[in-house]
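Each of the two blocks below gives one form of the same protein chain as structure tokens; they are labelled structure 1 and structure 2.
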Structure 1
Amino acid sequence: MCGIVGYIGKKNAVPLLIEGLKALEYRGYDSSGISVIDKKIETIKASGKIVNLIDKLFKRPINGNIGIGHTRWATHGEPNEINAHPHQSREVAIVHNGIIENAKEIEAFLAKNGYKRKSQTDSELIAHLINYFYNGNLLNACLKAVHMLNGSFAVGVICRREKKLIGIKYKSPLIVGIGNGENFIASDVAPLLPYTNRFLFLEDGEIAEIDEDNIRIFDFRGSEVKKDISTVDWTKEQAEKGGYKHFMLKEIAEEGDAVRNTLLGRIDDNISLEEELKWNGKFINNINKVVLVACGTSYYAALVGRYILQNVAHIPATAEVASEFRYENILLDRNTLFIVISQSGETADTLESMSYAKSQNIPTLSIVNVQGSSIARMSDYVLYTHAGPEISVASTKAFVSQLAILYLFTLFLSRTKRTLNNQQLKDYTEELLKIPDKINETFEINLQKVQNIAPYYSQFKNYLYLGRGILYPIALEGALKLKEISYLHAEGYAAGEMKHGPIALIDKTTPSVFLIPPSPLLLNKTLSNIKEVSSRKGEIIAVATDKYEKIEDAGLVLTTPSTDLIFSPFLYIVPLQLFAYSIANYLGYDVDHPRNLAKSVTVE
């Protein structure tokens, strides 16, 4: 959570920091602030969104060629101006993302040395600690300070007496951007794409000492570390709204392309992941179980993955929520493959779960969108989704891209393990290749329709989302989308479980969204569930392929082009995302920045 950006060069840092913070606002938007070095350290902070900071800067402009900025997702202390970053201690200013777990201890140490905290934040203590150790060399002061800190911290540091920018990384993300006569730090690549696509990805326990022409990286013992430069193929246009009212709508519109890009180069005559994974037949044949671990939307992708691994590749698979998994001490067999899924590649619980799997010597594969992120770097193998930058807090195109990798991977295992014959493989592959166009068609069919019905459906306060089998995770994801951006209560449930409890909620004030499976067996069972709801005066919304578009009792049917049941998650999620988007937009909410949420959850 929290976004950090830093600049050193010849330009005025202020506009750059502000643009950077705007691109990072999805990481937190409780407050923001910047500090630049002019003759002294000049700081402007504001509570709430970055527009408030911009307003203040209009009234009191500041300038400087070295600066740091921060957008906050509050952990310690209310989201007000005093608690906003940067925090300053005499000559030193810092921005911090993470949590200092031994804050009390450090506060006591600092108090003995005459320091008193003004804010309620743990972060302010870092500024005091660095200032306490400062003796004419900022790097040395930082090296001393980090040894006293427990917890997680990505920190940007400036000091009035030095033409330096320092970046510190420990268990929170921080990268260095390499410019021409200017250099940068940031929480991720998105804010730096307008200036560079060349990066140094810091590892935990590393410090970058940066001036406008040089970047030196040290470990926490002070030894210099040599790092390779990585280039990232995202463009700045991908991180802009491109005429859409919200990033979320743009990102839903991009879903077909996101899936196409993710499949690109990975299917020729067959599924070819050999190049990327470099696994031999023996390794693959030894895999007798897959454990998938993730959070939020990525977890729902994992549930779909579990389903297809079992039902298509016939490999036992489980899907676990990372925040639960990591404390369960589940015994992992040597022949288990451990897969983590994460858009950001920084989610703390997912990262820790993988670290547990590694401690058990289990092979780890990550499915990640953000190139060079911590999870991607820590896993033994990585398959990147090529969704491009996802800015809206509500995940959409990353989800369908994660599905694309899971389908590719399932077909890849099926081929090597020979659990599908050639004809079956060919049929599945052909349908997978048609999915990007079908997603685009689904978007076109439903966009206007959901906008028209938004005023009516935004009146309800509670929704049930019901799905069976492979569509159950899509019911969960559809409900999550509605609650996170529209603040309407929505519960995802297995349709068959409805009569074991949730049916008690049904009356004319609680609509049920039914996902109609394109399969005769499951269809009839779902139609019976619809009758159970309509006979209790519950409103029905159905999502169905065009083959089943006439659903008796449904007040609204959102359709998709026809597809097999196994591929239906790709298409059914699109009208549900659009439905949630249209309601949130109609209600006038800040769709891209829903309250209390952050895009990347780097605290546990």
Structure 2
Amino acid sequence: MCGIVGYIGKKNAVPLLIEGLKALEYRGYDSSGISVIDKKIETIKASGKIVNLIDKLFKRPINGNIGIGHTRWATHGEPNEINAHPHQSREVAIVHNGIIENAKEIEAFLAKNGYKRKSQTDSELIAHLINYFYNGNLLNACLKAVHMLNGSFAVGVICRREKKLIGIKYKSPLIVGIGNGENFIASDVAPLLPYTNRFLFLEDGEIAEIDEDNIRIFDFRGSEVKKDISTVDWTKEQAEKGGYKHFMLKEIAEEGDAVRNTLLGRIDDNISLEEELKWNGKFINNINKVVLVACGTSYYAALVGRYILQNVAHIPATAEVASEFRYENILLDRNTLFIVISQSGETADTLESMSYAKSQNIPTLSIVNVQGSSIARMSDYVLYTHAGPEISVASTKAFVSQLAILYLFTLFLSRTKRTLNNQQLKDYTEELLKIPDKINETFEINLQKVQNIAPYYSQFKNYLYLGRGILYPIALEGALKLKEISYLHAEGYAAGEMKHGPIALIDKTTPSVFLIPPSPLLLNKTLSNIKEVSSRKGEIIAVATDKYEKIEDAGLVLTTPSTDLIFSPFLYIVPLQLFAYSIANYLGYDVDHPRNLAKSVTVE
């Protein structure tokens, strides 16, 4: 997730672009840059925070009435100045948010026509493609270019020869701001609120041609589209949060898109990770064990990963807490694949665990969100989640993106090692591709419900979370979320362990949250647990698919769309996150910055 801003008018664009990038820095902070037109295209870029860009502009001022700016969250290419946006190709400069899936094919096409990529980014290819098609009409060049692009892209374009600003939207956010004698584009309304509250919200497959007095919207076929102007009455802070009260709620709402971005470009007819991993078939076939190591929420993702590796790919796997692994003597060999999972890529215990594995010459793979992070650099292989920046301390969308990578990797191993047949792979892949929409539906189904019940459930001080099989880690993660942000005591247990101790806690003051598995065998066992709690006057909350939503004895049922048991973690976690959020919000706590916690634990 990156931030885009663009301006056309009579003012010097540079101060507006810089202020706009500051408002968008929550979308990415690996590097930044601006381009303006002043007889020619002038570009200044810097790695790191936007303050570094400001320092460079102080030393080398530039001016222009048309410009584009970008703050980057690295996906393709390291976070450095060369890979920073804008990217320029002769007459054209662009900024881009998204991923181009067919970058390899486009690069080959451009190479035949004399264009050579200088950076490691897929985004640079868009600039070359538009410049290739440019023959005096920037809009036409952009329309031709978009028909060659596969993936997701929000693009801002300027051209030295034209007093125009172009905005292109497909599966990445882009809006147009309407001013007086000036107009704008941006990833969201936040950077434009100091200048306007009137906006055009572009839909997928639309392109805006903008000058200082006029805005015309076209579809990708070139037909003009009429759109209504929307007025937004948000503060700047509200706008950065997309109108949500807290970043955490916004990030839960973004989980479907986060999973979609993780899958993007990695599934065609099959799961395609060969190019990213650059593994040979012999190495993969020799893998006889997987060890997953992580901390906190990432550890619970590892527990789900352990389950699917063993039950889908039929590969022995263990999941270890990094802070404990460091001091144990886990048996590893050259055919063990060592996987570490970390949102930040800087977690101290996870880094030390990987360091130990590397000292034993064990092949290492990292699953991280932050490109160029310490763990990513240290590991032999890396798979990025592409979840975008996660601002709230309590992890939500990073967690489901980690799950998505683990599922992709499991299916990749299953295909390579032939532990699943073609029909099984097809069925799993098709259901995985449906998960982003089902996550979004789950959010919509449960948001108002949990907000309504928060006053009642905030009265309780202790909670039990119970799940079986693949839902046991989700019970652990659900309990963690409630502890982290509402400061209520909550414990997660395997449901079958309830009679081995936790049942002693059951009374009318301790609600039990049951995750109802969409599996007849496990369902009956879980319903038996519910009866045991009910007979002791315990309060019962259930999470179930809509197929099993009538749960006898449950005071509250939170539902999800139907899915296979194997994919249920993606959906069941959403109501649990919303439940924790709603209680913490009702109690008046600082949801995004819970006490005593940090986003990344970089010391032991």
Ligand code: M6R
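Counting starts at 1 and follows the sequence of structure 1. In this text, all values refer to a predicted model and were calculated from it rather than measured experimentally. What we label the rigid core is the largest C-alpha set whose atoms superpose within 1.5 Å from one form to the other.
Of the two copies shown, the first one, structure 1, is the form predicted in complex with this ligand. Once you line up the core between the two structures, the Cα of N585 stays within less than 2 Å of where it was. With the core held fixed, N524 shows a CA shift below 2 Å between the two structures.
A movement of the C-alpha atom of K40 reaching 2 angstroms or beyond is seen between the two structures when the two forms are aligned on their rigid core. Comparison between the two structures places the CA of D204 43.0 angstrom away from its other position, after core fitting.
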